[in-house]
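One chain follows as structure tokens, the form predicted alone.
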Amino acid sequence: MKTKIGIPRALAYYAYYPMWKTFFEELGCEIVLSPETNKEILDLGVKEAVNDACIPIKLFHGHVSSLQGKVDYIFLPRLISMNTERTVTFCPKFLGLPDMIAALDTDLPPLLDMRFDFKKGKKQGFKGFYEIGKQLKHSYWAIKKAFQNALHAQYEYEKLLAQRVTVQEALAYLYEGKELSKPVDYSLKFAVLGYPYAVHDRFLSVDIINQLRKMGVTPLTADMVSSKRLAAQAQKLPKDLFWTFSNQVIRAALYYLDEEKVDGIIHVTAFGCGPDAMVDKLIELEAKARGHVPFISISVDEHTGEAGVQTRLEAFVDMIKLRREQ
């Protein structure tokens, strides 16, 4: 009987799921995903998490709770760094997630909470995978092969995203057998920026990507910019930000402002996120410095309603269309 590994469909899932899924399946495990975010998961998360946690952390608690009684282990890595940028790490809440979840007063299965750190390259990054494989009683060479295949799966996933396929579309194509439809290039192009779990969780973002498409807008996300192009934008900043996803967002903003010449920027931000408040202001200032490119910030939390967001988006699109006609 296969070992069942539960993976919460939240936070870093949107960035690294192909890597994790491939690794565990190469070791003969069965992946069990929590459901897509819904009201029940939100209510579970609000109940379990501390009151002052941001909405993505609350949702993560709900996704973990939804896996209770369904799996043998829950995969909850302690993410330090997934690239070789020495001064950059993940948000402290990411680092403390295993401790927060372990403190829950619920009967959860064992956590696979190994440390993941690629700052010194693949050799160091392999350590976390090796610790997991060893706990699951696999040989060094089986773990090594699974790790190499996992890196390849991640590379192919990121290559797909760089072809302007959204995260949701890419995952559905890779793992649900859905065909990729040819992207429609509308006359308006917006950079829709934000942390992956804010933009691509359709419940949290009130499906902003598809809302914009229905309004005749081509949405371009940070995930669609290759790591090489993002790295080139870093030279325009006096210094890097501390956080992995914050760097991705601000560099993507610079790329879309300077290279793509987008018609507008939408920043999807979680209410109460400290790092994101700084990123939001930086994007606004960079957009203003480049000819006052229209910018809007959409803040989301557990009280966000679809109608309110849709009204703001419609007003933003109408404003830009009117500006074009003048």
Partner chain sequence: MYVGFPHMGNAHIGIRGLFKALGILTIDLPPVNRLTVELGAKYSPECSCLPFKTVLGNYIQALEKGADCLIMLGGCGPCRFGYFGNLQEKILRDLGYDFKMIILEPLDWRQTLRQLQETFSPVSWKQLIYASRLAWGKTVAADTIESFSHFYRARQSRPGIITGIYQRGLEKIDKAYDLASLRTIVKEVEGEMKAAVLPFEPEIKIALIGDIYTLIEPYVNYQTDLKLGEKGVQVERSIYSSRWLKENFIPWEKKKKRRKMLRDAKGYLKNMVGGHGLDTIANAVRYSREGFDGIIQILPMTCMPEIVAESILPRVAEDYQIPIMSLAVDEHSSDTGLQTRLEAFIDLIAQRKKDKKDYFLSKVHEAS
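Keep in mind that this is a model prediction, so the values were computed, not measured. Residue numbers count along the first chain shown, from 1.
The form predicted together with the partner chain exists for this protein as well; it is not shown, and the discussion that follows is about that form.
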| property | result |
| --- | --- |
| Contact segment among 169 to 177, 78 to 86, 138 to 146, 204 to 212, judged by heavy atoms lying within 4.5 Å of the partner chain in the predicted complex | 78 to 86 |
| Residue 42, heavy atom within 4.5 angstroms of the partner chain in the predicted complex | no |
| The partner chain contact in the predicted complex: residue 99, any heavy atom under 4.5 Å | yes |
| Contact test in the predicted complex: residue 288 vs the partner chain, heavy atoms, 4.5 Å | yes |
| 4.5 Å heavy atom contact, residue 217 to the partner chain in the predicted complex | no |
| Non-hydrogen atom within 4.5 angstroms of the partner chain in the predicted complex for each of 258, 294 and 312 | no |
| Contact residue in the predicted complex, from 282, 298, 31, 27 (heavy atom within 4.5 Å of the partner chain) | 282 |
| Proximity to the partner chain in the predicted complex, single hit among 134, 115, 164, 159 (heavy atom within 4.5 Å) | 115 |
| Within 240 to 271, the residues that have a heavy atom no more than 4.5 Å from the partner chain in the predicted complex | 240, 241, 242, 243, 271 |
